[in-house]
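Coming up is one lone chain in structure tokens, specifically the form predicted alone.
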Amino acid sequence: MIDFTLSKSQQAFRDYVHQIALTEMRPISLECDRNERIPDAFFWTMQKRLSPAALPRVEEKQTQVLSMLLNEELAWGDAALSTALPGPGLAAPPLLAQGTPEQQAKFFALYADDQLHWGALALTEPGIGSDVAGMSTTAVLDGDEWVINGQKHYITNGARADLVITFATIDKSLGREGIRPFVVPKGTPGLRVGRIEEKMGLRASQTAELIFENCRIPKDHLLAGREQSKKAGFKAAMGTLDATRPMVGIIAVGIARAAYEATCQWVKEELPVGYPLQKRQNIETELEELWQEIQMARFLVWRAAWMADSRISNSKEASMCKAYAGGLVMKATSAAVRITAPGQSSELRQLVQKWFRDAKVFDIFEGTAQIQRLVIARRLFPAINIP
């Protein structure tokens, strides 16, 4: 029997991170959203407070589950700030999945000092989002170097990343079998940053366009050491999404929970005097049902993370939790905006409106809701050829 009841050490870890979200993130959330920038002092503070030495010790060896606990609390504080934190970030999953021990030691060493370093994953292209097999960025072997040409869009932390794990095709005629992951360090000639996107939500989180023009990297920057099959590169891309979709799901849960709690607070403290009793009871019933759905989404995410920790294939579960949480966060934030509409303008209502803007992308990135349903269907019915 799987039991997702948190141990005392896991609860202490969660409480510690929650205090960080409350004291370091919430106070600057609206300002960072308005200015579309994050002060460097925040990054230094978070790097110190979230360092392994500062975090409470957890007895259970469940790396992915622990990551879910951490990221829900950080997203509760502010999702944009949480996605902008220093570290290897989205560069880590493909490096762990496809990098040789030597490559992992070499590239992860960059993040071992006391400075601020970021990582990024370059997968999405203009016109090519969820259809990874249609990738147009190319990598051609020229002697001892790979030459990369192409364009990547919507890259989180792309402009500040010290390492960009870039997916490109070595032969377009091979389709998905031609896709490979490459490590492109910051400052490599031929790699330049295009525009920084102006977004509706997650405005403080940097989202960049990356342009590769005859970008040359050493031959050994190809991540293909763990598996030599023809589909290794495509599997690395899909494996990366299997690893990151629960993360997207738990961030959505964090935002949904924040919206739910703020709405409950508003109903308790600010619902106008004389508000019809029946309407108030309807609101309370809606919020009770919403809380149940938030817990359901959380358990879906935890199950996908537990499977990853147990080295059980979780493609279906990763898509299930991402699809459900992505829809739920829209439902929760929409309800929060609607219910608090009669109130006066306040910081709480500004946060609710911000969360509503932040929520939409969780139904889109790391694969749209439609793509998640396709993945789920293919896993449920493997005998049927679902395109």
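All residue numbers refer to positions in the sequence shown, first residue = 1. Being a predicted model, the structure only gives us computed values, none of them experimental.
Only in words, not in the display: the form predicted in complex with a small molecule, which the text now covers.
*Asks:* Name the single residue among I20, I376, I364, A12 that comes within 4.5 Å of the small molecule in the model of the complex, judging by heavy atoms.
*Replies:* Contact residue from the list: I364.
*Asks:* From the list Q104, T188, Q151, T156, which entry has a heavy atom within 4.5 Å of the small molecule in the model of the complex?
*Replies:* It is T156.
*Asks:* Contact check in the model of the complex: A92, R180 and S315 versus the small molecule, with a cutoff of 4.5 Å between any heavy atoms. Do all three pass?
*Replies:* The answer is no; none of A92, R180 and S315 reaches the small molecule.
*Asks:* Pick from 273 to 281, 294 to 302, 199 to 207, 215 to 223: which stretch has non-hydrogen atoms within 4.5 Å of the small molecule in the model of the complex?
*Replies:* It is 199 to 207 that comes within 4.5 Å of the partner.
*Asks:* Does T138 make contact with the small molecule in the model of the complex, using a 4.5 Å heavy atom cut-off?
*Replies:* T138: no contact with the small molecule in the model of the complex.
*Asks:* Taking 4.5 angstroms as the cut-off for heavy atoms, does L123 touch the small molecule in the model of the complex?
*Replies:* L123: yes, in contact with the small molecule in the model of the complex.
*Asks:* Can you work out whether M307 and the small molecule are in contact in the model of the complex, taking contact to mean some heavy atom pair no more than 4.5 Å apart?
*Replies:* Residue-level check for M307: no, no contact with the small molecule.
*Asks:* Looking in the model of the complex, any heavy atom of I211 within 4.5 Å of the small molecule?
*Replies:* I211 lies outside the contact set for the small molecule.
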